[in-house]
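Next up: a single chain in C-alpha cells, the form predicted alone.
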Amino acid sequence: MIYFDSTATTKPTKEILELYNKISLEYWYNSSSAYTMGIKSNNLLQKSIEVVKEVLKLKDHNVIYTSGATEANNLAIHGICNNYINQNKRVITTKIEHPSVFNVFKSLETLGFDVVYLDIDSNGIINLNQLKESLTKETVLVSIMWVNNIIGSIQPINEVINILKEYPRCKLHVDAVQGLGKIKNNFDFNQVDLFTMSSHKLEGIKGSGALIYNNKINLTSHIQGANQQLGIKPGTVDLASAVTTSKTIQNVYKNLDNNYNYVLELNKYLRNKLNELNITINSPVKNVSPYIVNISIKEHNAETIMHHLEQKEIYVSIGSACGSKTKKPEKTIYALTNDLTLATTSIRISLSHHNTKEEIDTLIKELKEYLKK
C-alpha cells in the first residue's frame, strides 16, 4: 500500500498509542476531583500544558485541549465574535480557508457581522494591500491560515502580524494545522492571538487537538458547563488525549528539520516526474509547503483517477477530506485559477517522511498507464 494522503490524516505512532493506553489505564480519574488521584491527574494535565508552551516558546498563552482543529477553530472564532453579535463589526478571512473556518465566517454573516473574504494571487498568497484596505477601527478579528491544506501555499503571517499592530483591538487567529510541526515558523507564536492544531495530522490520536490563545484575551465560550479548561471547553478532560497531544507536538518538533528536508527532496522529485505528464500543477513553486502537491488533469474525472489508483493500492485525495464528497468545484483551486475545469479535476498528493522516490515512481507509472486509455 502506498499512501499519499498525509494531509488528511496520518497513522499514529506506536509510542503515542502506548502512551494513550497507559494514561487511560493509570490516570483514568477525573482531573477536576479534589482527592489525591484527581490532583495527580490534574498535575499531569498541567505538565502537558507546560510541554506545549516550552516547545512552542510561549509566554502568555493558554492551552485548551479539544477534539481537534474543527472544534478549536470554532471555539476561537466564536470566542472572539460572541462579544459583538449584531454590532456590525467587521471580520476578515480568506477565500481559501478550511471549512472549519470558512463556514463559521459564513454563519457570522447571519449574526450581523460585516465579513470580508480576501483574494489570493496566482501563487495562492493573500494580497496584503487588500488586507490593509479592508481593516477599519470596527475590525475585531482577522483569521488567516498558515499553510493551505489544498495547495500548500504559505501565508505571510509575520507581515500580517506587523500590519495588525496598528489595530490593537483586532485579534489574529491562525489555523496552524498544516504548518505546525511541519515547517519552520518565521513568526513568533507569542504574537499570534489565537492558533489551532490537530494531532492526527502529526501521527497523533484522532479526535484530539488544541486551541492556544493569549491569556489577556477576553475569550467567551459558546459551550455552557462547568469551569474545566478555563470554561472555554467545559466538561471532563480526556487526560490521555491531552497528554498525547503534547507528546505529539514534542515529537514532531524534534524531527522537524530532518523531515522537512527529506520531504523537500521528494517534492522536487515528484514535480519533475509530473512534468513528464500532460497535467497542470496547481501548487505554486514559491512560498509553499513541500508536503502538498495539487494537480489537475483536464478531460479526466478526478474521482475516477482516484479510484483507479486505489485499485493499485495507491491512495491520493480529490480535495480536503472534510469536503471531498460534496462533488463541488474545489474553492481553493477556483480562487487560485478562476478555471472551473481545473477546480473540478484537482487531485491532491500529500507527502510524508515515510514516502520514498520508489513510491513516486509507481504513482507516475500508474498515472501514465491511466492516461493512455
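Position 1 is the first residue in the sequence shown; the rest follow in order. Bear in mind that the values here come from a model prediction, so they are computed numbers and not experimental data.
What follows is about the form predicted together with a small molecule, which we do not show.
For the chain shown alone, Asn62 is not a contact residue for the small molecule in the predicted bound form, no non-hydrogen atom being within 4.5 angstroms. The small molecule in the predicted bound form comes within 4.5 Å of a heavy atom belonging to His98. Remark: Val177 counts among the residues lining the small molecule in the predicted bound form, judged by a heavy atom distance of 4.5 Å or less. Within this chain, Asn294 is remote from the site of the small molecule in the predicted bound form, having no heavy atom within 4.5 Å. The contact residue chosen from Met145, Leu141, Val192, Ile249 relative to the small molecule in the predicted bound form is Met145, the criterion being a non-hydrogen atom within 4.5 angstroms. Site annotation in the predicted bound form: the residue of Asn149, Thr93, Ser289, Gln229 reaching within 4.5 Å of the small molecule with a heavy atom is Asn149. Only one segment in the set 64-72, 42-50, 337-345, 308-316 has any non-hydrogen atom within 4.5 angstroms of the small molecule in the predicted bound form, and it is 64-72.
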